[in-house]
Ligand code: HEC
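Just the one chain here, laid out as structure tokens, in the form predicted alone.
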Amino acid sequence: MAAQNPYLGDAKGIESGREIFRIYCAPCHGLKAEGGRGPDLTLGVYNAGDTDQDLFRVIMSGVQGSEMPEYSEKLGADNTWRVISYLRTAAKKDTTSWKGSAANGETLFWDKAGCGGCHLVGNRGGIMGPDLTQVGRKRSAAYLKASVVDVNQDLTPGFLTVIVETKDGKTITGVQRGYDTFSAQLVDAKGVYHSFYKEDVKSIKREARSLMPSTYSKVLTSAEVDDLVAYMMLLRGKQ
């Protein structure tokens, strides 16, 4: 592995990296690297480390236990460096502070807003929604604010709503944990895990909507939403 990125600041290398990114990386990280199924890569900070060498290792070898595969055979070293060069130009790391109060946001998160009932932060919270332990390293403040005030604007992949009607007339609604031709797995509002074979129930349907309350823009003031976002921006987990 090269000690330094040979394409850093190279206009042709950066443009080539952008084209490669759109083919291989955009399906998970978005066309402009602003996130989707995978994290927002324009923040300039990354879970696996922030140096070019860290990014090279992750792209080439993947991340065990995650959805990030290895690209050593598909890209090779040169194209991986080109992608990294593009990411450096796409990064728009914001050094300004978010206007909200993180301290008040933390109180809101666990109390009035009730976010901890569904979201895990470290070892505390629920498991129904996405784990937010490192959300400050993965999402921009603008993305987080939009997720609070318009919950269905950009659903996190893998967290769709699943509704099961059993043969004895019961309806069980929860967040998708697995879904295929023959079965479905979900977690309900109490954090209980369920698994069903389609042949054993009356119906199973999946809907592209979130079970997160859509009333935060009414329940919380604009200032409180900013405070909540300020707290989430500090959630960076262990590095």
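Everything numeric in this text was worked out from a predicted model, so none of it was measured. Note that residue numbering follows the sequence shown and begins at 1. What we label the rigid core is the largest C-alpha set whose atoms superpose within 1.5 Å from one form to the other.
From this point on, the text means the form predicted in complex with the named molecule, which you will not see here.
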Is there a non-hydrogen atom of P130 within 4.5 angstroms of a non-hydrogen atom of the named molecule in the predicted bound form?
-> yes
Is F109 close enough to the named molecule in the predicted bound form to count, meaning some heavy atom within 4.5 Å?
-> yes
Contact test in the predicted bound form: S85 vs the named molecule, heavy atoms, 4.5 Å | no
Heavy atom of G38 within 4.5 Å of the named molecule in the predicted bound form = yes
Residue within 4.5 Å of the named molecule in the predicted bound form by heavy atom, from A91, C118, I163, A102, is C118
Checking Q53, S210, T42, Q185 against the named molecule in the predicted bound form, the residue with a non-hydrogen atom inside 4.5 angstroms turns out to be S210
For the heavy atom contacts within 4.5 Å of the named molecule in the predicted bound form, list the residues of 48-71 involved, in sequence order.
-> A48, L55, V58, I59, V63, S66, E67, M68, P69, Y71
Cα of D188 displaced 2 Å or more between the shown form and the other one, core superposed?
-> no
Residue shift check between the shown form and the other one, rigid core fit, F109 Cα at least 2 Å = no
If we fit on the core, is the Cα of G174 displaced 2 Å or more between the shown form and the other one?
-> no
Taking the shown form as the reference, report whether the CA atoms of G35 and A230 lie closer or farther apart in the predicted bound form; the distance changes by 3 angstroms or more.
-> closer
What happens to the Cα distance from D226 to G30 in the predicted bound form: does it get closer or farther than here, with a change of 3 angstroms or more?
-> closer
